[in-house]
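The chain below stands alone and is given in structure tokens; this is the form predicted on its own.
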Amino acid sequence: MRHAYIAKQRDEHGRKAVAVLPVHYPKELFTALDLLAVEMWGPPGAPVSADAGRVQAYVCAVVRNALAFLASGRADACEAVLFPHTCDSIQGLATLVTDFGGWSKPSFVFQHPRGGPRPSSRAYYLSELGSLADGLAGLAGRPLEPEKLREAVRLHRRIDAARAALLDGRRRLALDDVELYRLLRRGEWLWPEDHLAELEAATARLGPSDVQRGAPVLITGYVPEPGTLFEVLCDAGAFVVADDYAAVGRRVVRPPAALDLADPFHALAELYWAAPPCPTRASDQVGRMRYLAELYRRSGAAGVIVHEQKFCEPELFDVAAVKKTFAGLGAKLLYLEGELETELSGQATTRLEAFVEMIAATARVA
């Protein structure tokens, strides 16, 4: 499906596609330059070539599978690839794919500043934005026009608003988790205006009262794979009421009401620090724990699922603090760990079903 969509965008609109590794990057730059960002979260399943063996077995499956995918030629519909500094392993791919992976097209990197919005970190972020914008403009064959960038910022704020409405109004939305996550993740490869149309059609289905039934859970982790996790949750009698996946909820920005677009690069910097805290951006751990505690209280979740990918260092660094935070709140918590499988294992399914049964019983007693 994605290859057909990429071809259609190229043939009908003249848009070049750029493969993008997880997680955070200024997508507005791509939109302003008429470049299609196509995110590469692995993909899930077994590596598609032996090149995954060029990195250590204790590197996460997202990195191993991405190296194998790029080396296999299956990403050749894209004209370039972007490596945000989500972790050292993804950053290292920028060298590996050209040295060992057979990738001969342009490779871009994007470094995140460390720490809060200090003058030095703001200056660094603006410098990274400018460097990436120059590289993408060269790929697009056109200069970046400030007004185009302002339009792109406005468009992506409408997308954020629609995604926030769906996540915040989860109890009133007549979609199951499988349908909702499939919709939200289509934004990883659709042209933004196409994705916005789908999101706004879904927000029209938000009702005036709750329609979701079952045990509400808060889920946090890196990427919602495998998708069968949501099928198991639904069948067990639960639904996701609050999302803190790096791939989903942590990328929904709720900016200040009055975002100054006079300088769109400075506006992007404001949005960067307005995003929910995420360990892949080296966010303050204490601040992130406060954010998760508030999300739990506000959502009315009956339990918490921590769903991580094995060997994902930025995420795993926070797991002990996450467990301690929710224990302090008296929250029931289930920890699941996977390796980007296409199906949830039988053991994980049983644990998930038992957890839902437990929190549902607790909710009835309360």
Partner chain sequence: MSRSIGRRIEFEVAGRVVGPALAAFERAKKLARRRGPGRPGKKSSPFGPPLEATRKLKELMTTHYLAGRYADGAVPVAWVTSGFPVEILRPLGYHAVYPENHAALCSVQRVVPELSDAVEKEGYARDLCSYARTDLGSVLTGKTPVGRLPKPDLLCCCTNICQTVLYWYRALAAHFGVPLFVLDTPYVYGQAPGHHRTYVRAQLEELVGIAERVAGKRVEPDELEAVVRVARDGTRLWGECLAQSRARPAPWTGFDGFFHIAPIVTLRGTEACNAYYRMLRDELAHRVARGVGGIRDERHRLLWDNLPVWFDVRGMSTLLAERGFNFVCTSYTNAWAEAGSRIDPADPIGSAVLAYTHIILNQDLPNRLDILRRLSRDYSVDGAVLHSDRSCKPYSIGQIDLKQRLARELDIKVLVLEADHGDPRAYSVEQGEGRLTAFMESFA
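Positions refer to the first chain, counted from 1. Here the structure is a predicted model, which means the values were calculated and not measured.
Although it is not shown, the form predicted together with its partner chain is what the next lines describe.
Residue in contact with its partner chain in the predicted complex (any heavy atom within 4.5 Å), chosen from 158, 118, 290, 142: 118. Contact annotation: of the candidates 200, 179, 194, 88, the single residue with a non-hydrogen atom within 4.5 angstroms of its partner chain in the predicted complex is 88. Relative to its partner chain in the predicted complex, residues 244, 265 and 295 are all farther than 4.5 Å at every heavy atom. Of the candidate stretches 144 to 152, 119 to 127, 219 to 227, 179 to 187, only 119 to 127 contains residues with a heavy atom within 4.5 Å of its partner chain in the predicted complex. Looking at residue 316, you'd find a heavy atom of it within 4.5 angstroms of its partner chain in the predicted complex. For residue 27, no non-hydrogen atom is located within 4.5 Å of its partner chain in the predicted complex, even though that partner is not displayed. Among heavy atoms of residue 92, some come within 4.5 Å of its partner chain in the predicted complex. Among heavy atoms of residue 328, none comes within 4.5 Å of its partner chain in the predicted complex. Contacts with its partner chain in the predicted complex, taken as any heavy atom within 4.5 Å, map to no residue of 192 to 213.
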